[in-house]
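Below: one protein chain in two forms, given as structure tokens, structure 1 then structure 2.
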Structure 1
Amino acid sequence: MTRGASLEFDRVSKTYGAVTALQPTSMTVRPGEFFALLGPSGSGKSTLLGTIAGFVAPSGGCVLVDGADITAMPPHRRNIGMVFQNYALFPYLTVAQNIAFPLKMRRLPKSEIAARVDRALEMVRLGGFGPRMPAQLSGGQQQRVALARAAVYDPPLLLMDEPLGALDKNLREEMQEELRQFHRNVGATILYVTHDQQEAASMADRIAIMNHGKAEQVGAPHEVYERPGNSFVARFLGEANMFRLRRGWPDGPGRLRCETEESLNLLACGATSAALACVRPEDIVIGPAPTGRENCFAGRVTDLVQVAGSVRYRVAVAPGCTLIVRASAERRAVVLAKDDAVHVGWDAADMRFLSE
């Protein structure tokens, strides 16, 4: 198994004239970690990835791998594997020849190349596919070939730029498990770029939420989801019901009573001067009778969508205030209908205070 490399960004930035693509960014990726850069288009994640690969020369700062500064090193000397969204396979070479290509560039003996190619094919469950051409493979199989080619020379660091973006939804979900297993097998550090929240949350040990060229928050997916640092992170990583606060006042030890712009009276834990608060849809209880929760409001169902395992409701609780509620679709559970009068509620501990 390959020993994963540590990766450090030390105030790395990138400007194109008057345009700032990447603000000074510092973060560390641990050896062997699966680390995802998550954010919308133009957030700086691909620019950051490019500085590691050597495709983008940073305007400031430096990139270190295992403590060594590689900022000025040419791409071919960095010993970093790369997996692209479009696979980048050579169409005129067989699967085996595609995987062997980086080994031939390193002038390894033929016998070692053959052994490594066979091992790589077995690792991605494509044993016996070596003689085939890329056009004879499905999208998922082509992506596995790309993974094998990136890992065949045992690089300590693998970069993946939207590698599942060209696949349909079902195949993407299947390939997420493939990538998790691949990571366990190779042991390399993986830096993974995506705009798909579910994809990042299901695979990564830690994620960095990128926005406007900077990292808004870094942490384990569940930590960032449960304790978002600001409104952008809360909205981008899943759904969030946001409340703008007018004022707040103490309501017992460790408790705060808040008034929202819609004149809702909310109870939360802690004390804050933040202008925003949020509650996640799955933390809200919904039913025809009062919920008995510390925050409880009457409302009306304005819309609902049934998806696998849950029902997503929209509930109007005040003029200008509609909440998203996600309820588990248990067997034989009563599904409320549009225009039903309901009550929604959640506990004070489920409220999160946010900066803008």
Structure 2
Amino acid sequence: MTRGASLEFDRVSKTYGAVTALQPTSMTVRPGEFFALLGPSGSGKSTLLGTIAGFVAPSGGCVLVDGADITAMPPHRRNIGMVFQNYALFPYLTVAQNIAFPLKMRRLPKSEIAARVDRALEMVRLGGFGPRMPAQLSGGQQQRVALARAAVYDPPLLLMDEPLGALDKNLREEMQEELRQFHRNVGATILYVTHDQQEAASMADRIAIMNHGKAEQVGAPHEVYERPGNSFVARFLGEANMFRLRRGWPDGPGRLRCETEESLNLLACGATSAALACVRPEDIVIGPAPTGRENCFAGRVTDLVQVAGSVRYRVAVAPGCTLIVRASAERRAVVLAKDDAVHVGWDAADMRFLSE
């Protein structure tokens, strides 16, 4: 088992002419961590990954692996593994030759290359596939070959740029499980790029939310989900009902009463000068009778969608203010229909304050 490398970005930035692909970014990835970069298209995820691999020369700052500055080192001497979105297998080489490629570059003896290739193929459950050409494999199989090729030389750091992006949903979920298993087995640090928040949340120890070439927030997935730092993070990770606050005043010990732009009166915990507050759809209870929560509103169901295991309602509570409410299936004691008059409510503790 490899010891994972630590990784540090020190004010790394990248500009292409007038385009800023990456604002100065500082971040630390711990040894052996599964770290995901999550963000919309064009947010600079691949650029950040490219600075580690050496494909992108940073315009400023430096990248440190295990404390050593690698910014000026050419890619072939960095000893980093990488899996690409379209797998990037060499089409003119067999599966075994593909996996042997990095070992040949390292001038390992023939017998050891053969042994290691066999072991790598076993690891990704493709024993016996060695003589095939990549084009003769399914997408999932090619992906596993790419993984074997990236791991066969035991790099302490593995980069993955949307490795499951080209697979269909079921296969993707299967591969997610496999990748987690893989991470436990090899012990390398993994930096994983994705724009699928579900994927990031289910696989990573920590995630960084990227937007406009900047890491907006870094933390464990549940932390970031429960305590989003700003409105972008709150919206990007799951759904959020967002309120723009007009003013607030203390109301009892540790309580803050706020007035929203729609003139709703909300009770929240703590004191803040933040401009926004949000509540997650699944923290809101819904029913035909008043809910008895600290924040309680009457409204009307304008829309409902059944999704696996829950129902997603839209409830209009004031002119220009529609809340999204997610009720899990077993809570749905009373069946609500469109245009029903309902009551919704949530606790003050479920309110989160956000910056813009």
Partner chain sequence: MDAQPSVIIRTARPWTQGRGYALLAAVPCLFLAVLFVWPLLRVVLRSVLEPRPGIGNYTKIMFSGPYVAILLNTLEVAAIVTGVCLLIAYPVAALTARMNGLRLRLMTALIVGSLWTSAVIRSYAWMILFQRYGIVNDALVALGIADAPVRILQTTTAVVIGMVHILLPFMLLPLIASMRRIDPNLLRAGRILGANPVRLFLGVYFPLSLPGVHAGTVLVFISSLGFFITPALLGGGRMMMAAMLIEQQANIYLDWPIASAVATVLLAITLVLYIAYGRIARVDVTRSLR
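Note that the rigid core is defined as the largest set of C-alphas that superpose within 1.5 Å between two forms. Structure 1's sequence is the ruler for residue numbers, which start at 1. This one's a predicted model, so the numbers in the text were calculated from it and none came from an experiment.
Comparing the two isolated copies of the chain, the first one is the form predicted on its own. The Cα shift for Met133 between structures 1 and 2, taken after rigid core superposition, is 2 angstroms or larger.
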